[in-house]
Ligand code: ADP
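Quick setup: one chain, the form predicted on its own, written in structure tokens, and binding and motion questions come after.
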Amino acid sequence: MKNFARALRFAWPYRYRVLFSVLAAVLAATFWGLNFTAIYPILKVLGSQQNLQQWIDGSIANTQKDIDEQQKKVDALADEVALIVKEPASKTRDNKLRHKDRELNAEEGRLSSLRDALYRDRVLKRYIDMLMPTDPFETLALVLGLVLLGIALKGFFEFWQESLVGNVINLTLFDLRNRFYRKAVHLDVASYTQSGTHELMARFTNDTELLGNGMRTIFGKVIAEPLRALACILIACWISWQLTLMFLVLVPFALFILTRVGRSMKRATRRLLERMSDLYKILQETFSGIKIVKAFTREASERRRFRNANKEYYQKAQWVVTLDALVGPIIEFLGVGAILLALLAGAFLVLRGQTTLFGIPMSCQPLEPETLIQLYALLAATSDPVRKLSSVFTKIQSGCAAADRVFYYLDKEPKVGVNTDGPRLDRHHQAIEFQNVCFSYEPGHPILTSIDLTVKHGETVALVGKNGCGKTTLLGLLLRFYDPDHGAILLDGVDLRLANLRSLRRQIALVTQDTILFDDTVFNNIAYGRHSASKEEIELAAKQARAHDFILKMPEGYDTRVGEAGAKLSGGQKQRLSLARAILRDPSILILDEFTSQADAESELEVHRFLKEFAKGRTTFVITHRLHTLEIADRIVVIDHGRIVAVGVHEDLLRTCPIYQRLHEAHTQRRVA
């Protein structure tokens, strides 16, 4: 509930709209209750065939008669009390005096109630004489017209309230999603690898929608429905607060049931959202790897995997539906039972002409049948908002479960700090030093151990080694995707953990083996390296990456959309666009991770020639398994099982490093094959 309350605070900027929605709800509830007050005059007109003027005159005369009779009783009791007071003091006299005092107080209370009723009737007579016609049919028509007008006004205010609430919720979710995305996009890379993008997608979509439903319930039904019920209860209390109180006796039982079911609903919703994340995971893996699925004819197994996950989701969803559906009938049963209890008690008072029930005073005078029917209608009208409120608690609990999942990420702090107050790095011009760097993704499973390496500015260093030896991880530490467990990485003498992160990454360009392109135009994908670049600069970068020619052959040239993840391009084309993006950034540090793994021999040769010139004055790191790429490197670093085993040039390593010799022999055999 704490996180759900935090989510509600996102609506604070729109508090005036919320206040206007509450005002609209109050007005709608007022007209809802007033519409039921028309039942009494309608029944009177139809039952007695009198106009309202005749009825109110008769009611005043009867009430005045009752007052006169009641006054006689009070006067008689007062005389008896006076006589008892004159008796000699004794225990018997004191008991008689207490008994008569109680009787006198009760009769004076009835007299006071009758006078209040007479006052109300006289006030009502003034308005009836002023506004109501004397013909019974015209009176009935006017009352029905007022009822229709009241319903129209109630509908207008209900529309106003729901529209304002919907607007507030949509704006609140707009702000919340923006805040969520801002937080998520600044998390460190490890946060994505730990929980997966499917989990984030589920929390962005399904979870925030459930949270919005809970907030909509708070600002909508939780405000509107109690006000409607309250309007009916207040009018019912004005008729007979004792019978109304009897109707409300089952409220604690209803609250107890709602509380128990609500707790179960929160647990069930949390499990349901977890199953939804599993569905997102399977969908993401299947659709992104659809070529592999089809190539290995794994459609059937993927269908089974999805079916199993979908079945688990169905079972959890059905339990949520069962809990939600269970509350309504229970609350309705309790509500109808309370109404029938009040109706039975009222019927006893009407049919027997009584004013007490089990010795408890229920009214100052016998109830009329029309009054009882109106009371019953008001209590029945109360059951409708109560029935709608039955699902409120479960929806709020669902929103609480969703809020917990959303705020888990909103509260999550990245392990890699941005260091906005840290020293801003000047353009790299000295050296990069790895000092006794150790790193592991999981404790006890080291990936890098005791890495010591110094790379001078302008030097091109190639990293070679078997798959999984830690090459990409090492350069990920340079980008501060992660921080070392031990040791330090210095850029021009500044520890990267202390430096301003943006000033570090702004001077690094990255080209990865798994090329990442966005579903946008070629122009915008290249401009991602520097959004302020001109058209001429972007075309120059494309020419240097040997991409300009194939771009011009595309249907719309630089304005051609590349499709999701660059699906409309070949692997080599995607890598050259990625390289153009890095060139446009004009970095002082260039990281190339298998950057020509999918290029043809001719394009690769041209790119190598350009990079020899482009790398001058820049520190370049090259990760490669293609040893002929090493011709652009000044030094070669051989890594094995997370350790640097040798550093040198090609000829020296062939003589002195067995691991490099094996890599070279394997590469030579592949080329010969």
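All figures in this text were calculated on a predicted structure; none of them were measured in a lab. We number the residues from 1 along the sequence you see.
Unshown form predicted in complex with the named molecule; subsequent notes refer to it.
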property: 4.5 angstroms heavy atom contact with the named molecule in the model of the complex for residue 214; result: no
property: Contact of residue 470 with the named molecule in the model of the complex (heavy atom, 4.5 Å); result: yes
property: 4.5 Å heavy atom contact, residue 442 and the named molecule in the model of the complex; result: yes
property: is_contact(residue 427, the named molecule) in the model of the complex, heavy atom dist at most 4.5 Å; result: no
property: Proximity to the named molecule in the model of the complex (heavy atom, within 4.5 Å), stretch among 236 to 244, 462 to 470, 566 to 574, 411 to 419; result: 462 to 470
property: Heavy atom within 4.5 Å of the named molecule in the model of the complex - residue from 496, 447, 323, 517; result: 447
property: Contact residue in the model of the complex, chosen from 558, 482, 313, 376 - any heavy atom within 4.5 Å of the named molecule; result: 482
